[in-house]
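First, one chain by itself: the form predicted on its own, in structure tokens.
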């Protein structure tokens, strides 16, 4: 009798362990997560704001999402994608840290039958991308360049060029857009390039190849890092004479770098005035614009971008084909894209574009 009870006890234990293993396996392979989202870093306000907007976008839906941050590491990014694949996602939305390095991560997703949506930054050199949701990045750069033209007077205005990270395809598109409008004004003597021998050597060329832009970016990249932007600006101002100071124009790629660069130029007694561009309408930069310390920002209403990305994801989950408005060559295929418009914000329209639209509250700023 005891032997029978022992056998039964052993069988019960085996059955219990089997059930626990099965449960663990189910947790690992599918937790009901419909959409996996991978964002590049928590260190920039833009991406933290996106996290909440993505959560809000699915709040009234039966679909679920999980959001992970890569913290500026392509290895962590790939690990995040693998984590989400193990949770059974059907759609992956990813803003890559490095457009080319992200290829292996999304290729793993495609092998699992997951639809891949590149978000804000294009994933390059792979055919494992289904869609791209983006602002018109060339239009962003063109708007920055045109603002410098519209707000500079006379000739031989010193022009300081700065760019984003060369690992980010958008940095090339922003620069391409800016160069397209600035180059004619460099060629005719309105501007004189102050901080890039590579750009100076190419100043008569209207359209630059990728390699030519790479050479310029190699000299003026900020890597999207305000500290690096600050150090470069200090180095550049130390290296030039008074003839490249006075009233200056500064192409800064985004708001974080714009504030850092503006702070440096503001402390140089030989710089009498500066016009500096930005991008993203970060709260701190909106205050800088109100205070006259930053000239403009390109407002990319991320609410619309998130809405477009989640709309695409839901279309896929519902078995529908997402609507697109264009396509981008990623070096391997033409990726179908949904483009979102951009808006130039300066002192005169901060209230109408950012407060009245509900993007920010008036009490978040002083001197509005």
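Positions refer to the first chain, counted from 1. Treat the numbers as computed from the prediction; the structure is a model and nothing was measured.
Quick note: we don't show the form predicted together with beta-D-galactopyranose, though the next part is all about it.
- This chain appears without its partner; in the model of the complex, the one residue of 308, 66, 44, 301 with a heavy atom within 4.5 Å of beta-D-galactopyranose is 44.
- Interface residue among 254, 80, 285, 221, judged by heavy atoms within 4.5 Å of beta-D-galactopyranose in the model of the complex: 254.
- Heavy atoms within 4.5 Å of beta-D-galactopyranose in the model of the complex belong, among the stretches 100-108, 240-248, 71-79, 163-171, to residues of 163-171.
- Within 4.5 Å of some heavy atom of beta-D-galactopyranose in the model of the complex lies at least one heavy atom of residue 280.
- No residues of 147-163 lie near beta-D-galactopyranose in the model of the complex, the criterion being any heavy atom within 4.5 Å.
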